[in-house]
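Consider the single chain below, provided in structure tokens and representing the form predicted on its own.
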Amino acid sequence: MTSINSLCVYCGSSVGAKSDYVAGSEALAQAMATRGMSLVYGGAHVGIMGAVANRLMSLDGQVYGVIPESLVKLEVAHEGLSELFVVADMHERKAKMADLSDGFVALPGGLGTFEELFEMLTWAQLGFHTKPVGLLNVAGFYDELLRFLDTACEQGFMKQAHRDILIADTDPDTLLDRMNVYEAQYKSKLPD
């Protein structure tokens, strides 16, 4: 049994250069389905976003999309979801996704994925939420980012306790297991 019932997944609207990225998103969906988790994501049918949503739906999982009205008009909204929330803008999108979710995971993606991941990390650092924040490092996509975060700690710009908020793994099952023990393992490390 999991304490995370709904997982927000941030990921790319393209499939990327390696087939591993789609395979990794589908493996995450499989792990979520095994645990009975629902998906909250950006609501598009394209890229890795569409791949993770389609895979979870094929396993009879619940999928909730949140998409700004301007992107619906560009015909990227996924039509077959459990529910699609159409919102006014990106700020409302991110807030709605956070409200609907018990935890957050980043898959490979671009600027939007990075921004959403770092916002959730910052909110956790500031104590605005205590939900686990994970990163599925598919095919080494995030190796350099993880090294950069370590460098930020070494250079005195980030406390190790804040670095430890981000739970990174290469295996979706292990990642979700680690996220489920977040409060016991990580929350106690946060400085006052």
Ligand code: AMP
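A quick note: this is a predicted structure, and the numbers were derived from the prediction, not measured. Don't overthink the numbering: it's just position in the shown sequence, from 1.
The next section is about a form of this same protein that is not shown, the form predicted in complex with the ligand.
Is the ligand in the predicted complex near all of 96, 99 and 121, within 4.5 Å of a heavy atom of each?
Spot residues vs the ligand: no contact at all.
Contact between residue 84 and the ligand in the predicted complex at 4.5 Å, heavy atoms?
Flag for residue 84 set to no.
Is there any non-hydrogen atom of residue 90 lying within 4.5 Å of the ligand in the predicted complex?
Yes, residue 90 lies within 4.5 Å of the ligand in the predicted complex.
Quick one: is residue 75 in contact with the ligand in the predicted complex, heavy atoms, 4.5 Å cut-off?
Because a heavy atom of residue 75 falls inside 4.5 Å of the ligand in the predicted complex, the answer is yes.
Taking the ligand as it sits in the predicted complex, is residue 71 in contact with it (heavy atom to heavy atom, 4.5 Å or less)?
Although the ligand is absent here, residue 71 would touch it in the predicted complex, with heavy atoms inside 4.5 Å.
Could you list the residues in 103 to 124 that come within 4.5 Å of the ligand in the predicted complex, counting only heavy atoms and keeping sequence order?
Heavy-atom contacts within 4.5 Å come from 109, 110, 111, 112, 113, 115, 116.
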